[in-house]
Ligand code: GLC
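Listed next as structure tokens is one chain, alone, in the form predicted alone.
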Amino acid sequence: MKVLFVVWEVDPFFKLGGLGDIARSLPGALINSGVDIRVITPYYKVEKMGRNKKQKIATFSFLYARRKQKVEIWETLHPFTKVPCYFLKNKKYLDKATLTETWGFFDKAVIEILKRNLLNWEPEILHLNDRHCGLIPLLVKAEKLPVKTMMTIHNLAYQGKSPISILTDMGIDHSIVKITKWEIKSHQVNFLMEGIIHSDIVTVVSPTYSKEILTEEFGQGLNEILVGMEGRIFGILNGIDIDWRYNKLDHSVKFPYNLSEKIVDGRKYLNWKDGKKLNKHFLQKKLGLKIDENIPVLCFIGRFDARQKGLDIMHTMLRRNADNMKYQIVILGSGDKDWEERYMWFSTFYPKYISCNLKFDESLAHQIYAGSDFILVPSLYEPCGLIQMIAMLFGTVPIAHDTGGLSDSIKDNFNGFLFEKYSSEALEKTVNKALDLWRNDKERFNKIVENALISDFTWNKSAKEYISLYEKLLS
């Protein structure tokens, strides 16, 4: 089974979001399961090759925007998973990522490589990821290439609408593109919509989200198209790399701990109760919070996305409680400037109880996971979410909105807490319920922590489900 995994970011070479993590770990799980999988991605100017040995395996040219463009293909092995990775280099279009100029060119380049068999290896399946690969299925059909296509949608909200002139640049006949009436008026082509329509199979990153996107509420304007594809849409929950980053090699955590005290590769791990206590003290001191082991610490780690991440209801809850805080909260993230300013106000006026850190800092994130008792994930919608999985690996109990992948990974009152209605009142009620348990029923709370610690979010199960879909495609 030969699979080419097409994606715009791959950790640790280049990463802006969770897709980079998935592009590292899912192919790694699949290759361990016997799939002949390889990754192809742009070779950006900022690509971090490190000490990886790389070699140029081909150079070719094709017509784009009425001019011949030269592309180099470089190959290397992924440093952690040993999956073969191909990087496409072109100074004009692939040095940096811009929607219109990068993705149209990248999609066309991938098709040219397949037509000419420049990899000396012919995939049976193209596993495409998000809008960046959206025009590849259409081109596969137009060129009648003998390859199946699977499109994985990581977030339906990001669709990649671009000027229709990109079709001319790519040499695509406008008549074969399913442009809807409102897009003709605005002269746009929707990359993700084209990918959905022309792919053989569409997957999303959790079973619940696969049902939610068929509704008007969560369908992002594409629900009618998706409803027409029922039977070809599948939901597979994402996983996380336990061994690679969050356990043996994670030296960000001051006092490493596990379910019980043990020694792993010569490194001592405390039991989780002692580890949490010491890491909480370290975190409180580091961030200037009041040092007190008897006060619960909540955290929020994520993008400041006003349309998705629940910043509004969390802010309203904190505003109601700010003058009589019965817990501390640590916030880490950046994004929407208006919301950054609103949250920084809390940190300024209540520094002993609220710490707001407006940046991306993976080392600090792990210290926050280790030192917190709870993590808030109040997202309006969440296709999958990795934050709650990582938190549970640290025994940090999630309090989350009952939606998407949060519903699929958190069992209410077992390894976390869920609230149904998207409102600050529902969030606060669930927070108070969790805090009451933390204060007054340690035995039951400790059981929830231990259930979280042993929850299995490795890629093994998900990889088997992808393999099953690959087999379905080839049959």
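Residue positions are given as counts along the sequence shown, with the first one as 1. If you're wondering where the values come from, they're calculated on a predicted model, not measured in any experiment.
The following text describes the form predicted together with ligand GLC, which does not appear among the structures shown.
Taking the partner from the other structure, ligand GLC in the predicted complex has a heavy atom within 4.5 Å of a heavy atom of residue 19. For residue 366, no non-hydrogen atom is located within 4.5 Å of ligand GLC in the predicted complex, even though that partner is not displayed.
Residue 155 belongs to the set of residues with a heavy atom inside 4.5 Å of ligand GLC in the predicted complex. Interface residue remark: residue 81 is not counted as part of the site for ligand GLC in the predicted complex, having no heavy atom within 4.5 Å. Interface residue among 151, 297, 135, 384 relative to ligand GLC in the predicted complex, by the heavy atom within 4.5 Å criterion: 384.
Just one of 311, 205, 392, 376 comes within 4.5 Å of ligand GLC in the predicted complex, counting any heavy atom, and that one is 205. Partner contacts here mean any heavy atom within 4.5 Å of ligand GLC in the predicted complex, and among 286-294, 343-351, 313-321, 384-392 they occur only in 384-392.
Using a 4.5 Å cut-off on any heavy atom, the one residue of 218-239 that reaches ligand GLC in the predicted complex is 238.
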